[in-house]
Ligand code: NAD
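Next comes just one chain, in structure tokens: the form predicted on its own.
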Amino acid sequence: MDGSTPDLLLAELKRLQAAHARGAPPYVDRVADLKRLRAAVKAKAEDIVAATSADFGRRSRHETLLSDVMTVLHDIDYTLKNLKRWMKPRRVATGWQFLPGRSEIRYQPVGVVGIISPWNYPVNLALMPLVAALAAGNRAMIKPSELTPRTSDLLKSLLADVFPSDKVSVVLGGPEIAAQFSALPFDHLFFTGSTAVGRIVMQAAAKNLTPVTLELGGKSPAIIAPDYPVATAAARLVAGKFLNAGQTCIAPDYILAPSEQIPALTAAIEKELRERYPSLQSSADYTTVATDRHFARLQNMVAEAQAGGAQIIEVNPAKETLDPARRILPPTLVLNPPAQSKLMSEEIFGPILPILPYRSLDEAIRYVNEHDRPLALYHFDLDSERTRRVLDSTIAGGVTVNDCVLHIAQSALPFGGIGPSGIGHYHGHHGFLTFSKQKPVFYQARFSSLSLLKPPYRGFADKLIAFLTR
């Protein structure tokens, strides 16, 4: 659906809602839908690689296959394996006062789910919520990012081949269409993007009392313990930070390390980067920054930090002259950036890694807690007691201990932020629950003990109430 107006978007939503009103799909239909989607994504894997790389300018083929294809296939596999169990009504305890009645929770699709997906992982972040919505028995309207137009076109054609238009609909367009989309009276609205835009989406949804899931971002810290092996920390931080050139919502946004450890850590990170990306100009494995505006923003962040006294270390192993038009931003380490700089007050979302010193673990914990609760937190430590202190003393959307970003790949774990980093969860069973109405049901037995409690309240009723309120 292209060139939409508010009236056309609303008509599209009503068409899907009318289809949903005909009845929720049974288990066999949901399984068939997911299997068709899986086959289509697998068949189009190389097309996805080509489209995303064309949209970015250059994007690592392997990173696209891992992050935008494999993740979706694995999530579908996990869902297929467990869906029958998730759909079954679940018996829960009934208060003894109400026996022999019984209680259960039934899971019903909420209706039509709106999904607004971003540009940084344009397939993953459109299809993972869709998998959860379909597993729960819903229909969906998807608004992919206009910043990755080739991938958005591919998603539209792929989904049109797999699903009838009254089950899954894709809406293309720019920010004005996204604004109109978020104002529609969906049964649930799922948004992935920046915190600033998330606030706007939530305001629009509030007018219809539409439930929202917001997957946002923020400044995710990595805390390095004093005696953690520096080379191991460097290798794992580089893997997590420079995946997709740092354009990842859960990438480590800054490092907190003991003061005395910073020279060795910095040297180890530089060594790791030189080995992984020997030529930034020609390496097919180093992803470019996706847009000119984003590229300029990142350059300005570094310039501001440098003007404020920060030490800037650009890692350009071949010492190449990089064409700005290609948006190749070298991996950049920033030591001691000013606290008020944009680099330390905004989510970076690029291949720039600030490194800050701390004198004690308590100081590092205090620094994290003085800022917005992050989407992710990383702690590198071989001491289980110190790790427990960090886990107990901080709040974050998710945590990986002794590595980066890998908690997002665990299908049994919920993924989502808290406060400015997000609202709600998905992935696996948690996505199924997000897009289901958990309907509580109480079944009264033929004999009801409460029938003994009726006016006029006296005698036995007085004694029973006194006992129940003792």
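Values in this document were obtained by computation on a predicted structure and should not be read as measured data. Numbering starts at 1 and runs along the sequence shown.
Below: the form predicted in complex with the named molecule, not depicted.
Only one of 87-95, 262-270, 385-393, 174-182 lies within 4.5 Å of the named molecule in the predicted complex by heavy atoms, and it is 174-182. For the chain shown alone, Leu375 is a contact residue for the named molecule in the predicted complex, at least one non-hydrogen atom being within 4.5 angstroms. In the predicted complex, no heavy atom of Thr288 sits within 4.5 Å of the named molecule. Shown alone here, Pro252 lies farther than 4.5 Å from the named molecule in the predicted complex, counting heavy atoms only. Put simply, Leu361 is far from the named molecule in the predicted complex: not one heavy atom of it is within 4.5 Å.
Contact with the named molecule in the predicted complex holds for all three of Ile116, Leu125 and Pro144, each having a heavy atom within 4.5 Å. Screening Gly397, Gly137, Gly193, Pro221 for any heavy atom within 4.5 Å of the named molecule in the predicted complex leaves a single hit, Gly193.
The contact residue chosen from Val315, Val212, Leu256, Ile200 relative to the named molecule in the predicted complex is Ile200, the criterion being a non-hydrogen atom within 4.5 angstroms. Contact annotation for 269-308: a single residue, His294, has a non-hydrogen atom within 4.5 angstroms of the named molecule in the predicted complex.
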